[in-house]
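So this first bit is one chain, no partners, the form predicted on its own, shown in C-alpha cells.
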Amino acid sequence: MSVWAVLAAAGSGERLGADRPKAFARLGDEPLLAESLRRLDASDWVEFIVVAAPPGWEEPVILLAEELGCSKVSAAVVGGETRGESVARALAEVPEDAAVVLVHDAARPLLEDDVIERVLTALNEGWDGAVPGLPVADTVKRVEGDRVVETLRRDELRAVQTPQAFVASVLREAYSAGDVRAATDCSSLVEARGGRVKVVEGDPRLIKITDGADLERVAALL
C-alpha cells in the first residue's frame, strides 16, 4: 500500500524560549526537525513525506532534507495557526491515489520503526485508523472549575502519541467535515465521523518536546 507521511512541524516554540520555530531549535548538533525527517525517510514503510513547515521556513526545510539525504520529502507547505490547520494543508499535497496517511509530530523526534509498523498493521486488520498509546499512571479527575465532578477509571484511559495512521480516504473525509482548528490530534476528527480507531502499544521514548527540559531529556536519549 502507498504510505504518505505528513510531518507536522509548524509550531512556534514560544515555550522553548528560542529565537526560531520549534522545528529548528537545537537538539544536540542539529535542528529538532532533522531527527524525525531522518527516521521517517529511513523507514521502509514510508514512501513519501510532506512537511508542514513554519511560515517562511519552507526553503530551510527543503535544504535540511537535502543536507540529510532525505530523498522521500515531496513538499514543504506553509503550516497554519493550529496543528489541525497545518495537517490539513499538508494533507492537500497528498495525491488522491495514496492508500494510507501517517501523521507524525516533529515534536516527538525519537520515532522507532516498530511503532510505525504497529499502527500500519492495525489498518491491515480492517481498522480506519490506529494510534499509539500508553497507560495513564496518575489518577485522573474530571473537574468543573475547582470542583471535582468525577474520578475516571485509569484502565480505560490512554495517553495518545504520534505517529497516527489512517486510511487516506477516511482521513480526508474527517478533515473536510470536522472542526480542524480545534483538533488536537487527527484521531479525534476520525472518531467524530464514526471511524473505528485502534490503540496500539506506544513508546515511552516518544516524548513530546514542549520546553527546554524536554529537549534536554530527549538529547540524553539520542
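Keep in mind it's a predicted model, so treat the numbers as computed, not measured. Don't overthink the numbering: it's just position in the shown sequence, from 1.
Absent from the display: the form predicted in complex with cytidine-5'-triphosphate (CTP). The rest refers to it.
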Assert contact_stretch over 93-101, 133-141, 106-114, 68-76 against cytidine-5'-triphosphate (CTP) in the predicted bound form, heavy atom within 4.5 Å, equals 106-114
Worksheet item: Any chance residue 22 has a heavy atom within 4.5 Å of cytidine-5'-triphosphate (CTP) in the predicted bound form?
Response: yes
Looking at the partner-bound form in the predicted bound form, is residue 14 within 4.5 Å of cytidine-5'-triphosphate (CTP) by any heavy atom?
-> yes
Next on the checklist: If we define contact as a non-hydrogen atom of the residue within 4.5 angstroms of the partner, is residue 121 a contact of cytidine-5'-triphosphate (CTP) in the predicted bound form?
Outcome noted: no
_Quick check on residue 5: any heavy atom within 4.5 Å of cytidine-5'-triphosphate (CTP) in the predicted bound form?_
no
* Asked: Taking 10, 83 and 209 as the candidate spot, are all three within 4.5 angstroms of cytidine-5'-triphosphate (CTP) in the predicted bound form by heavy atoms?
  -> yes
